[in-house]
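Only one chain is given next, in structure tokens, and it is the form predicted alone.
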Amino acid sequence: MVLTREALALSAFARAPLFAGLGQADLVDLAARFHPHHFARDEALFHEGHRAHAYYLMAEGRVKIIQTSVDGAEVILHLLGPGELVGALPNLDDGTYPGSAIALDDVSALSISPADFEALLELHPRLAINLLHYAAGKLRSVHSRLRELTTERAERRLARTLSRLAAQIGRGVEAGVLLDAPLTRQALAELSGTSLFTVSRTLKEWERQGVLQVGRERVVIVNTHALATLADDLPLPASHPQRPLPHA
């Protein structure tokens, strides 16, 4: 079903912590200021280094935020989904995009110009306060990831990454919790700051232990308690089932 611009915006705002506490009249006013866009899988919302011309509120679908290293390799920094603000936080000083935003699947998003967004912050103090809380949460997340990268074993980082993804994009299915976005082993390696070899080896072992089901670009967490144990860098109990599982 194709939603009207207002319906799409209101649906996105309802899921966005950024707009918590605003009344219906305020949300209707905001909806009129945002412009809907559709992006196909692998299409760019914006590119690293380009002038920030728009901020996006995610309504449907997922995007990955990537940067390109000096040797030309792409590194995934974040996965963002419905209710997330994309492109704004690093650019409130009217700068350039520090990374590229690429659609992981079909994406519906709502855009607003930097000037119009700044005007909204002046019109709606609640929005400005929410933005501060939102930015503080993102900063805490970055600090946590930096600590993990410098102090924790690769397997624990991978377990923590999968746990975060389950909270962000997990969807309950019969087998467990599906990470509801196409995720390659390379993407998981970049998100957890480890190597492709380590991710492939570890996923295979965790599948054998009955923690996960792993398919092509697909991960289902079968045993969330076991994954939490691994994220705490604790060994699985000896009674934990050691059995192969069919691919998801």
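Start at 1 and count along the sequence shown; that's the residue number. Only the largest set of C-alpha atoms that superpose within 1.5 Å between the two forms is called the rigid core. The model shown is predicted, which means the values in this text are computed figures rather than measured ones.
From this point on, the text means the form predicted in complex with the DNA, which you will not see here.
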> Does the DNA come within 4.5 Å of any heavy atom of Thr194 in the predicted complex?
Replying inline: yes
> Heavy atom to heavy atom, is Arg153 within 4.5 Å of the DNA in the predicted complex?
Replying inline: yes
> Should Ala31 be classed as touching the DNA in the predicted complex when contacts are defined as heavy atoms within 4.5 Å?
Replying inline: no
> Just to confirm, Ala54 within 4.5 Å of the DNA in the predicted complex by heavy atoms?
Replying inline: no
> Looking at the DNA in the predicted complex, do all three of His133, Lys138 and Arg140 come within 4.5 Å of it through at least one heavy atom?
Replying inline: no
>> Quick check on this chain: which one of His38, Arg185, His47, His35 has a heavy atom within 4.5 Å of the DNA in the predicted complex?
In response: Arg185
>> For a quick check, can you give me the residues of 47-82 that have a heavy atom within 4.5 Å of the DNA in the predicted complex?
In response: none
> Does Leu132 move its CA by 2 angstroms or more between this form and the one not shown when the core is aligned?
Replying inline: no
>> With a threshold of 2 Å on the C-alpha, tell me if Ala115 counts as moved between this form and the one not shown once the core is superposed.
In response: no
